[in-house]
Every structure is written in C-alpha cells, then in structure tokens.
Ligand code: GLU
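Here you get one chain, nothing else, as structure tokens; it is the form predicted on its own.
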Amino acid sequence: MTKIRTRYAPSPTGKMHVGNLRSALYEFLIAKHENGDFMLRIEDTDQERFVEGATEIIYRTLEKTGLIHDEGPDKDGGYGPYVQSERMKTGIYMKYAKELIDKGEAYYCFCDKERLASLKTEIVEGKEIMIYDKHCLSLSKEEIEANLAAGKPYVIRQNNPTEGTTTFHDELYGDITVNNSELDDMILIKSDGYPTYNFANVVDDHTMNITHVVRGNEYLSSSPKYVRLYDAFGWEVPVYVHLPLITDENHKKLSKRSGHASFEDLIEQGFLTEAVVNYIALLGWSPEDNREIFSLEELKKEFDYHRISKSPAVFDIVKLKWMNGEYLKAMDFDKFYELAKPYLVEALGENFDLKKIAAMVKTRIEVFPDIAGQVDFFKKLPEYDPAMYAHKKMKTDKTSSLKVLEDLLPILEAQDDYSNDALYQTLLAYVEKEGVKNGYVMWPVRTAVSGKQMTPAGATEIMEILGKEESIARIRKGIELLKAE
C-alpha cells in the first residue's frame, strides 16, 4: 500500500475558522490512523487577502491543538518549498501551465477587462459567474508570440471540452458526473504571474505526493476541473473526501457574526482546547458506538473517514458547553485552579480563599467565564427578594425563616470556630433540637448569606469563606428584610 499523505493547506487570511480547523483535524486523523504523514503547506498566492500575522496564527493553532505536522515550512521532508509564494519563484507553476499549453489543454488569454465585462454570465450556486467564450483559443501562434513580445497582459486558461461528460469519485458522495458544457475555462495563471488557488493546488498536491485531498464540499463543483487537469498531465487522481457544511443552529452557514466561528473566538470565550478539538471531530463524523468524549490519541485510533456524514453538521454551542463542562469535571484540580485563578481574581480580588472557591465551582461551570456569575455574591451581597425564603420542597416560608435566623443569630455570634465542619455541627444541633429537617434550617441560612437561589456550595461552606463578621452581617440583613415584609 502507498503511504497515506495528507496536507493542510490554509491561506493566511486571519483567524482559523472552525471549518478550516475541522479540515486540518480530519486530514491529520486520516493520516495518523494509518501511520501516514500530515503536511502543512501555506497557500499565499492570493496576495490581496493576505493578512499580516495570520501565518503565525496557523502555526500557533496547530501546535495548541496537537495537530503536529510531519512536514512544512519549518520541517523540510524533501518536498519543499512548502509556501506557495516561494514555490512560485522556482517557476514550477508556469512550467506546468506551459506544458498544458503545448498539449492543447490550456491557452493564453489576452482579453482586457472591457471585453470580459461584455460576456454573458450565469448564476451558479447563487453567484453570478462570467462564462468565458474561448475567444483567445483561436489565436494563431504568430498572434500569441506578437502579443507576448509586446508585453500585452495575459492569463493562462484551462481548455475544457464543451461536449461530453466528466466523472470523478468522492469517498462520501460516490461517482459524480457533470456535463462538460458546465465547465468554464478557469484561469490557471493570473495576469500578475501568480497561479490561481485551483491550479496551484493540483500541481502542489501531485508534486508533493499527496494521496488524500480533504476539503469542504463547496469544492465539489470545482472537482471536475481538477480531475481534467490530472488527466491532462497523466497524473493519478488523489482520493477525494469532501466534508459536509458546518451550519449554525438556524442551518445557515457558520459566519464570523456568530461569535464562535473561529478557534481563537472559542478559546477567548473560555473553552478548553481539548474540548474544542473533541467537539469539532464530531461535526460530521460519528464513531461506531454512541461515545462522545475522545482524546486526540483516541481519535487517531477510532477515526474512519468512511463514517463521515454527507449531511450538514450543526454547530451547537450548547452542546459544546456541555462537553467543555465534562472536561472541566474530569480535570486534575491543580490544573483547573491554575486556569480558573485569573477568572476568580477578576471576579473577587485576592482577599478570599480562592482554592476553596475553585473547588466549589469546578463541577458547576461549563466555561471559565461562568465563574463570575457563580461567585460574585462572595464579594458583595446582591439585592434579593425576601420571597426567596419560601421554598415548597424545604417547607420553609418567610415566618419560619425569620424564626430560624433569629434563633441562630446569638448562637453564631457566640461561635469563634467558623470552619465548615464546626458551623455544620452547630446548625445540625439546632436541627435536632427543633426536630426539623436539614433543609428547613439550611435554606434560610444559605439564602441570607448568599442572596441567591443557586450557589456553588452549601450554607456553612459559604460562611467559612465569608468569615464570622460578614456572615453575621448578612444574617442580620436577612432578618431586617423579613421583618420589613
């Protein structure tokens, strides 16, 4: 068997979109599942869209996600250069374009903007596309040479047939046949001498021995043109795997406006890299069982690209948050505390026992920014409605809660040991003395010291963090509120 070689070939145009990261992940997994090679190639031929610093984002994201490439601009495996603008300097693209011209599979086009603007257009997949009429295909050799000698601007176009059909195979979609009349003569070399994305892809994939090409299914419509190029050169066509579209919850294409369209957006929102990678792996692929939590190493073993779906994958931020929460629950506490501490400091400052508070919230948050809403009451008692003291399940109401707080106030004022265990024993002694259930006492105390219906810990754990003075002050406040009713 030929060794599998895949490539991730991003354009340095900004943050890494979730769809691009999924392509990189699947390409990595397809290679590693079969002990193959995963290559990084930078496609920077579209100079107008080039963004300064974007190449560094690509490297940083691949390193952070664990998608370590075997070859690339920084790791020469004998197929370099691995940056298209550097490959262009070798003359490789022009060399192969001229080879196609010699074979009659491509031709020089000298049409100016005015003439091109006059040509008819067609609507293809919602976009208005100009259909070139092969005008320059009929130029004589002498006319072409005269134009070149005069320095007349030109592009090189693929010479596609207008009759018959072209068939190509995709691993997910099977054999796809299109009428050649639908194939425009796409530009291979632009007027600035740079190759187009489509042409450079074919040349690079072949000369770099890429066996599997993995990309979004928006490229399905271009694939017949790629296949015709492979056939024109007499090259073996790689295995094509076209991935399903990723949509938002409204089944619209995931856009930057969603706020979670890029890997960096998600990390800034407090998601863990491991959870993001795990979740993105499931956007279009499913294992044989219903398992959902996978490490990258486990994905390498389990990933079979034949189990990729053709249906669009919905990016569900709620599901991602759930998964992230599962990773937080399973995380080693010291690592969790290290990551959570900046959020705790921002919410509370450093005057609290942040480690104890971190332990309280570890199993109760889904992303780190959730911490602020979980712990803000420690810093300042919020304004709250005394109606919170009434709890049907605990069988408490405002009257019973007032009695509990008034009874406990002098007991708690007299107590010096404000550790969780000591406070719990004190409240438990009161429970036994009154002959009531725990919740009948704990609910009003917790309400008084937190001012919240939902807290990350019980009454005595909260009081231990607050300390005696603040706990007493809050219980007094609760008594005042209840008496005012």
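Residue numbers run from 1 along the displayed sequence. Here the structure is a predicted model, which is why all the values come from computation and not from measurement.
The protein also exists as the form predicted in complex with glutamic acid; that form is not presented, and the subsequent description refers to it.
The partner is absent here, but in the predicted bound form a heavy atom of 214, alone among 375, 404, 214, 276, sits within 4.5 Å of glutamic acid. The listed set 173, 333, 219, 230 contains one residue whose heavy atoms approach glutamic acid in the predicted bound form to within 4.5 Å, identified as 219. The closest heavy atom approach of residue 16 to glutamic acid in the predicted bound form falls outside 4.5 Å. When glutamic acid is considered in the predicted bound form, residue 197 lines it closely, a heavy atom lying within 4.5 Å. Taking non-hydrogen atoms only, residue 43 approaches glutamic acid to within 4.5 angstroms in the predicted bound form.
Heavy atoms of residue 462 never reach within 4.5 Å of glutamic acid in the predicted bound form, leaving it off the interface. Residues 7, 9, 10, 11, 43 are the members of 7 to 44 with a non-hydrogen atom no more than 4.5 angstroms from glutamic acid in the predicted bound form.
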